[in-house]
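Only one chain comes next, encoded as structure tokens, the form predicted on its own.
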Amino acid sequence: MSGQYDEICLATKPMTKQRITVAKGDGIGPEIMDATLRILNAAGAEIEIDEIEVGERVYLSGNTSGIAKESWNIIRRNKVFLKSPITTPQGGGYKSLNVSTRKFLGLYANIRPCISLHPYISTKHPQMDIVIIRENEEDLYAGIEHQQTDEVVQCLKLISRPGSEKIVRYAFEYARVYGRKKVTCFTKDNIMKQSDGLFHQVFDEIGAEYPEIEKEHWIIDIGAAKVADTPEVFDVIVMPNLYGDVVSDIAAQITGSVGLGGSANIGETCAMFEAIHGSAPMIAGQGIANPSGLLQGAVMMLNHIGQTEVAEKIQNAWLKTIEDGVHTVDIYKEGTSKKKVNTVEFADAVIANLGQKPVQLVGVEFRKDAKFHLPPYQRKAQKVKALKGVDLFIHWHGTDANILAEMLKPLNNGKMNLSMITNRGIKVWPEGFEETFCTDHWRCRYKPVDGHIPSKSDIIELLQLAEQHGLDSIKTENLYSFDGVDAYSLGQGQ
């Protein structure tokens, strides 16, 4: 049995009528949802539907979140949410509903199987069978951004130990339950030693609890290149949020089409299932969209709610349809495909194949006893935290760091003195290079003098001195050590 389709059977339940929340979304969303629900009903899925409206129309009505409070209540009551793609209007402070849903409901794990369907779907990688497990709640997707100067905007990257532990443990549990042999971690901890470094550290710690599973770490850039070139060397890949978003789309595309990919978003109490592609407004209303991605999400949903027999019937019928060469325009290829069909006709073909299995492609037999051991996060003992200094960020329109250093001299108060200036992370004082291009955003690091133990009042005094001397301080970042280990980055070139 090929394990890539087993992803979300978290508990075994008798087949009972399950009430789910459905949103038809925007663009091609209503078309592919109608096709998907027809297939589910024909296969005998025991579901009852509460439909809600989310997305563009809600946004444009003045609701910047894209969803009404009553709809949140329905999703939280039903616990299971099947969602078509939505459109988030550009600009205007509109927040991504996909991101909000994952974070509000604690859907910390995003699971995206990527398997080639060679030779029926054109791909350069016929042996590909990867499951990408992406952290879903934090990283740059926290969406905390500020414009700090005329020239510089900041986005905060947040990586937490709880978030890292939950997603890494999920990845290893997934591999254990479904007989996967290897778990790979992607980070960029050669550059982001604190944030990505924490994720890698947690991967090593939790991986040690699974000695039977091979484990490895790749830097994200070469790892992504390797996925694009030789995906057959990977099995399960776990990574932070942004990398997971990018790599999972790459992986889905090289299987043959992003349009075939579904995903599950799993939390401790709620779950959301969807296609990985967008709302494709350019083809909306033409009846040519491929419902396969959303259908794959729905199959994961059926496994999640314990209706594994129905999920198995649908998945095998879908594989049989692909194998028969009955293809929508996005995957149709002369010489391989047999019949070009529209959205409705594709759904009809899947329904006609219910109860059948593919001949050449590997049919599925879903596990009915998949149990994940996912203990609640246990907070660690608090470390000894010590203030070691402060980074004072200055908005200044000059270009010579030596001049800025002279302007900052009056802030040296005998307790904390200026030790370094950086610009976009590069050390420009002392001993900077005149070739280094500088923006108007300067990080000025103050460290204690002669064994002085710094305090928050020292930082307040520093800010007051900056104000008195006409310096535009835009923020501070305190420098700490934890259990005696400095927990802040050096300047590049320091």
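The numbering used is simple: start at 1 and walk along the sequence shown. None of the values given here were measured: they were computed from a predicted structure.
Heads up, the form predicted together with a small molecule isn't pictured, but that's what we're talking about next.
Visitor: Using a 4.5 Å heavy atom cut-off, which stretch among 412 to 420, 288 to 296, 171 to 179, 126 to 134 contacts the small molecule in the predicted complex?
Guide: Of the options given, it is 288 to 296.
Visitor: Within 4.5 Å, heavy atoms only: does Ser279 come near the small molecule in the predicted complex?
Guide: Answer yes; at least one heavy atom of Ser279 falls within 4.5 Å of the small molecule in the predicted complex.
Visitor: Is there a non-hydrogen atom of Pro240 within 4.5 angstroms of a non-hydrogen atom of the small molecule in the predicted complex?
Guide: Outside the cut-off, so no.
Visitor: Find out whether any non-hydrogen atom of Thr87 is located within 4.5 angstroms of the small molecule in the predicted complex, and reply yes or no.
Guide: Yes, Thr87 lies within 4.5 Å of the small molecule in the predicted complex.
Visitor: Using 4.5 Å between non-hydrogen atoms, is Ser337 touching the small molecule in the predicted complex?
Guide: Outside the cut-off, so no.
Visitor: Just one of Thr321, Thr308, Ser71, Asn98 has a heavy atom within 4.5 Å of the small molecule in the predicted complex. Which one?
Guide: After the contact test, the surviving option is Asn98.
Visitor: Looking at Val344, Ala224, Val152, Ile283, which is the one with a non-hydrogen atom within 4.5 Å of the small molecule in the predicted complex?
Guide: Checking each option against the small molecule in the predicted complex, the one that comes within 4.5 Å is Ile283.
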